[in-house]
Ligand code: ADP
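Okay, here we've got a single chain as structure tokens, the form predicted on its own, with questions on binding and movement later.
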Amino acid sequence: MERIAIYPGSFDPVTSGHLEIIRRSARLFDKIIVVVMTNYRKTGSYAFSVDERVELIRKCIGDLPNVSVDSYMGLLADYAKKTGATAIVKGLRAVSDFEDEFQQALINKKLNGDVETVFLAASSEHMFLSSSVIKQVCQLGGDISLFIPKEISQEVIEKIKKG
């Protein structure tokens, strides 16, 4: 049986930390689906459209044959059923991430008893990264090239600076 995992997020934009979790997950599972979702708490604050975020991720994963990218509007538990995924991968940067992610994991398990949530701790190199902080640093003129994948660096910087 093929082990399929989904790695959900808003990815606005995808960061080096996200890419690290994608690469590590690709070694653990037969197939990874990176799924761009809408975070309803962030509605209206996205720098990139869903289609742009999907395309940015695709540009970063070309060397990972078992990773694909999709988007979905709806419940993650339903998307897992639809794709046959048995795992949801979540990256944790700090203990503060855990409470919210743990609550989501419990809800997803209740909605879809066939899916498990797997938590991967971010490396110390990426623990401080978030898409929000990266956008803020860029808007204020800081160099974000160390924090985002090189494949999309120039494109992301230009888009964020345009505002």
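Start at 1 and count along the sequence shown; that's the residue number. This structure is a prediction, so every number in the text was calculated from the model and none was measured.
This protein has a second form, the form predicted in complex with the ligand, left out of what is shown; the following refers to that one.
If you check the ligand in the predicted bound form, you find no heavy atom from any of Arg23, Asp70 and Pro149 within 4.5 Å. Out of the listed residues Lys109, Arg58, His126, Lys31, His126 is the one that sits within 4.5 Å of the ligand in the predicted bound form by at least one heavy atom. Thr38 falls outside the set of residues with a heavy atom inside 4.5 Å of the ligand in the predicted bound form. Within this chain, Arg93 lines the site of the ligand in the predicted bound form, having a heavy atom no more than 4.5 Å away. Of the heavy atoms in Ser130, some are within 4.5 Å of the ligand in the predicted bound form. Taking the partner from elsewhere, Ser10 is found to have a heavy atom lying within 4.5 Å of the ligand in the predicted bound form. Residues are counted as partner-facing when one of their heavy atoms sits within 4.5 Å of the ligand in the predicted bound form; in 96-114 these are Asp97, Glu101, in sequence order.
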